[in-house]
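As a starting point, one isolated chain is supplied in structure tokens, in the form predicted alone.
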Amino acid sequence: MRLQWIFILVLTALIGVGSALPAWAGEPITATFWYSYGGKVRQVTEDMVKKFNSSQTKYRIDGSFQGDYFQALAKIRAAITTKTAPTIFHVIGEAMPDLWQGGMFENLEPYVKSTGVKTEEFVQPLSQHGYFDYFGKSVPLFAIPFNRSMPVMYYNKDMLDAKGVKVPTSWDELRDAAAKLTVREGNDVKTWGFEVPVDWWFWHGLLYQAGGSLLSADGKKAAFRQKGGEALQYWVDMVNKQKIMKRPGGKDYNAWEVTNTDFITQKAAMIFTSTAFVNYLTENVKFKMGTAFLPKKEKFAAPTGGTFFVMIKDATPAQKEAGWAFIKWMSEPAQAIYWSQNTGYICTSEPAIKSAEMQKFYRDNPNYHVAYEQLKYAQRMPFTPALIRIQREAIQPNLEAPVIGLKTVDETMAAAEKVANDILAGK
């Protein structure tokens, strides 16, 4: 206990990044940081690491790009095994319960308390405790929100206006709008009315819009079979019956890239994709673009996504000190504003959102604000170590088969339910 208090006092005395500090006379205290994603977001990440390093002399962050979220996750698991993991990294929320249970993460509560970080100033649905349903468990703070997102609907306003189509707010309206916006030339489709990656994240939103849930109220059984089937059938019918939604264009993030490209080139009038792409799409489309809530069935609902900062428990105290200094700095309003404005990820700081700068930005760029407004309908993820396996083994591999006609929806959901229940049972 005495050592813990000494540690807290040292942190209090030493960590002050963001405030006026005397120049550090010694060698910088260094921490390693692994990050994911490419393109503009990677560039912004690297720019912010450089800015942090140049803002003071005491700490240095050595950043390293590790591929997409799942490539990075595989590398993290391997590095943890070989004791070569970075000091800090960011990880998708679905993987956090499993890694936490495995004892991989540092408890961040002492750091928060000793350095004056006000966790209540994080946008709560984007925070660790706002993201998970804990089923009565008490779990300490081990993750700080970083690049947090929601799926939203993007639409080509010029196309909708030309056809007199209103922005859809329900499943029925989306189907009807997509039918009007689909443009055929003989046997070819010039423009699809709607496109979405056939992906777990978007299916998860539809599941809750249909009134369903992923797991039972106690988190011990799969509960998605019926309503998840309704969600999947909605896609199947739009692809194969109405022929107004494009068939899957790839797997995992390749499908996301195809969808974004089809929207930019006006081969799709409406798409679902992440708010993380609002900056990228804004810079690349040649038409008036709008964003809107995901349409409802029984209710509005959407998952949150993206990643959280975490710290590896096995790092040295000096590495942890430097790593926390960077996490704290990245969480401050000025950095939260810069990150959100230059990527499209949702700003995680309430003081930043309420600032005059951010309010003006939202007035000038309303497409960036839709996801924040949609947070009132955010659905929590179950805090279970089985979550990542349910996503990657039970749901994701099975969604495409009925859409391309290889299996029925009932067969797919029955198989997915069995796999999910086996995972939950520890098989």
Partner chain sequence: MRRQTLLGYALILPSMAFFSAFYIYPVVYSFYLSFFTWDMLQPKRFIGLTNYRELLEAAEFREVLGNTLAYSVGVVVLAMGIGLALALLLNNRTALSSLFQACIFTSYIVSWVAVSLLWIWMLDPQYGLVNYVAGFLGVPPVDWLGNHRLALWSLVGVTVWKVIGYPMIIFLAGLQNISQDYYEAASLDGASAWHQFRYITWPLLAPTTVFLFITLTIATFQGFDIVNIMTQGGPVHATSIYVFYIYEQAFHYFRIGRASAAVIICFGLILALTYAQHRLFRRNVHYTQVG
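All of these numbers come straight from a predicted model, not from anything done at the bench. Residue numbers count along the first chain shown, from 1.
Unshown form predicted together with its partner chain; subsequent notes refer to it.
- Contact check for Ala414: no non-hydrogen atom falls within 4.5 Å of its partner chain in the predicted complex.
- Residue contact with its partner chain in the predicted complex: Ala74 places a heavy atom within 4.5 Å of it.
- Although the partner is absent here, His129 sits far enough away that none of its heavy atoms falls within 4.5 Å of its partner chain in the predicted complex.
- A residue is said to contact a partner when one of its heavy atoms sits within 4.5 Å of a partner heavy atom; Ala162 fails this definition for its partner chain in the predicted complex, lying far away.
- Put simply, of Glu373, Glu393, Asp62, Asp47 only one has a heavy atom within 4.5 Å of its partner chain in the predicted complex, and it is Glu393.
- Only one of the listed residues (Asp188, Asp218, Glu120, Glu283) places a non-hydrogen atom within 4.5 angstroms of its partner chain in the predicted complex, and that residue is Asp188.
- Segments offered: 197 to 205, 176 to 184, 240 to 248, 149 to 157. Contacting its partner chain in the predicted complex at heavy atom distances within 4.5 Å is 240 to 248.
- Taking its partner chain as positioned in the predicted complex, the residues of 264 to 289 that bring a heavy atom within 4.5 Å of it are, in sequence order, Thr265, Lys267.
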